[in-house]
Ligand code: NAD
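A lone chain, given as structure tokens: the form predicted on its own.
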Amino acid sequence: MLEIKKLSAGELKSIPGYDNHELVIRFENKETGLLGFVAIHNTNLGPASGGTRMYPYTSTKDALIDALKLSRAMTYKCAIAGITNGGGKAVIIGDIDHHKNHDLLKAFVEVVNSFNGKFYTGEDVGISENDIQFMLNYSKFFIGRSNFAGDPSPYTALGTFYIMRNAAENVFGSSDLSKRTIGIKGVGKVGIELLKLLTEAGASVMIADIKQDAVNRAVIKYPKAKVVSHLDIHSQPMDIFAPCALSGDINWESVSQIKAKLICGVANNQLESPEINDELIKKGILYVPDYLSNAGGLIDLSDELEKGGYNKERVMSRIKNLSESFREIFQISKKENISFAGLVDQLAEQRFKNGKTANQK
């Protein structure tokens, strides 16, 4: 039997990541072992959208914190990408190799259906394209249909690649990445797609991943990539650091060791806390907010919700337009002497608080 409990503001106010979320629920189905949270941050722009993550969190509090932070980031991502959706996220507590099965996924479908269109979800860590296709048999509130948006990983990486080139032009005076050394931490589904694009661009790339299997797959495909330890890749001599693993890679310990002049990756919530950006500024490091650099996948998935259905040409156009908007934002930040990341935050907040995206001026 599925149990759903709405968490009150009083229960949430002391939890890191809480930001006056519109709705947060805890769900559990003891028969299947399903346990987790759905967090909806803001729906001013439209129904909430955000992936579902399945991960063996060490505690329910850690899972809740992740849901809160990720859903907030999705609100900002939708706003800056011009998507008429708000921010939401689902997290399921469990090891995919031992706990994920069709019964658990069917129980999770009940959770998503209970929102009746207020929350759309798709792939994330631990939830595959095949899982989405299975759950689509029981719900219309999942996005990422095969032969339509499908796996968003290539589009996420493409958006990051475009923005990285534009950022490199501003930091190094040239968008030519063949002259750059780039470190990718995390070569999973999206990280390896970014590795592909950077290799084709002629960049010198070093890679690291906590999973040796992921490293092995990457090296087989791209033998020129240099393998380093995931424990210290951030401190290696490089021009650009691309965090592509889980959250919080840039923390108070690692920030002092980073030698790169540009940080642009696909991971969510890369900064352990927002104040770390101040330290990056002091060191002369440009940080591209993750919800800007990794928005390509969202643009792909959310296009299934557009009137008339999925259109790949529109997706590609929006990803290119997003990367081009980097130039305008950077010039404003430089002219007005405002932190680039801070200005991106301001623009996103202005849009979702006003209830209008950049495409609805």
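Model, not experiment: these values are computed from the prediction. The first residue of the sequence shown is number 1, and the count goes up from there.
As for the form predicted together with nicotinamide-adenine-dinucleotide (NAD), it is not shown, yet the points below apply to it.
Peer 1: Note which of K100, K118, K261, K189 lies within 4.5 Å of nicotinamide-adenine-dinucleotide (NAD) in the model of the complex, where distance is taken over heavy atoms; exactly one does.
Peer 2: Exactly one listed residue reaches within 4.5 Å, namely K189.
Peer 1: To verify the annotation, which of these, G183, G86, P289, P152, has a non-hydrogen atom within 4.5 Å of nicotinamide-adenine-dinucleotide (NAD) in the model of the complex?
Peer 2: Going through each option in turn, the one that passes is P152.
Peer 1: To test your reading of this chain, name the stretch in 281 to 289, 253 to 261, 105 to 113, 124 to 132 whose heavy atoms come within 4.5 Å of nicotinamide-adenine-dinucleotide (NAD) in the model of the complex.
Peer 2: One stretch meets the cut-off, namely 124 to 132.
Peer 1: Residue-level contact is defined here as any heavy atom of the residue lying within 4.5 Å of nicotinamide-adenine-dinucleotide (NAD) in the model of the complex; does K211 satisfy this criterion?
Peer 2: Contact check for K211: yes, within 4.5 Å of nicotinamide-adenine-dinucleotide (NAD) in the model of the complex.
Peer 1: Taking any heavy atom pair closer than or equal to 4.5 Å as contact, tell me whether H230 reaches nicotinamide-adenine-dinucleotide (NAD) in the model of the complex.
Peer 2: Heavy-atom contact with nicotinamide-adenine-dinucleotide (NAD) at 4.5 Å: present for H230.
Peer 1: Does any part of L271 reach within 4.5 Å of nicotinamide-adenine-dinucleotide (NAD) in the model of the complex? Heavy atoms only, please.
Peer 2: Flag for L271 set to no.
Peer 1: At 4.5 Å between heavy atoms, is R53 in contact with nicotinamide-adenine-dinucleotide (NAD) in the model of the complex?
Peer 2: Output for R53 is yes: heavy atoms within 4.5 Å of nicotinamide-adenine-dinucleotide (NAD).
Peer 1: Scan 287 to 312 and write down, in order along the chain, each residue with a heavy atom lying within 4.5 Å of nicotinamide-adenine-dinucleotide (NAD) in the model of the complex.
Peer 2: Just N294.
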